[in-house]
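Shown here is one chain on its own, the form predicted alone, set out as structure tokens.
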Amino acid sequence: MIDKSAEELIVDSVKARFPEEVIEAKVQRKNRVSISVRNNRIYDVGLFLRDELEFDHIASVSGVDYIDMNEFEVIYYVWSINKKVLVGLRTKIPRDNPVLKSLVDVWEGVLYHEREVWEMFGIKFEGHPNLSLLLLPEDWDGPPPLRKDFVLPETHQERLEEKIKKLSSG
């Protein structure tokens, strides 16, 4: 009998607990697992990873704009410090209604990460306590700048050019 790796045990556990919700779960390589789930169950899978599989640390949250498929992917990178495994917990949401339940109650550390994804992609995280600008200027009124259809508004382009002139002449 061959012993399974920690990564394989994680994949098997998530698939067994959420057979209908897991779209794909696989070992990417040593210490790396990718799990794609239906967006309406990402919160439950996050709780399972935290409570049952000891995934106790959020590393980051990122977004990907698949404009041709009219969807976004949100990826939560979570560590199990004890197992020394990183899971990319992934889900896709429609681009025309980008709403996802916040995981701030699961991992408090997603607070700023979800804010950044909201700000850069326009993905609303339901239940997030403070979706407000984090990196963009306080007076930003343009569209989310990491969307693939982003075009810098003229007013922002003019201000950017003014700042560049000041920096290069000073």
Partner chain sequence: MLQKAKDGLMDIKLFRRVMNWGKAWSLWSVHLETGCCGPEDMARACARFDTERFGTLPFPTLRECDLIFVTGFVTKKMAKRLKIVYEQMPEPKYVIAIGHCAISGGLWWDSYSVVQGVDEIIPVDVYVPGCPPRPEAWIQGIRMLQEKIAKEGMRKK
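Residue numbers count along the first chain shown, from 1. All figures in this text were calculated on a predicted structure; none of them were measured in a lab.
FYI, the form predicted together with its partner chain isn't displayed, but the following is about it.
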Taking the shortest heavy atom distance, is Leu136 within 4.5 Å of its partner chain in the predicted bound form? yes
Is Trp140 close to its partner chain in the predicted bound form, meaning a heavy atom pair under 4.5 Å apart or at it? yes
Although its partner chain is absent from this view, report whether Pro145 comes within 4.5 Å of it in the predicted bound form, heavy atoms only. yes
Could you tell me if Lys15 has a non-hydrogen atom within 4.5 Å of its partner chain in the predicted bound form? no
Name the residue from Leu53, Ile42, Val104, Met120 that puts a heavy atom within 4.5 Å of its partner chain in the predicted bound form. Met120
Among 44-52, 66-74, 22-30, 128-136, the stretch whose residues bring a heavy atom within 4.5 Å of its partner chain in the predicted bound form is 128-136
Since the partner is left out here, which residues of 78-93 would have a heavy atom within 4.5 Å of its partner chain in the predicted bound form? none
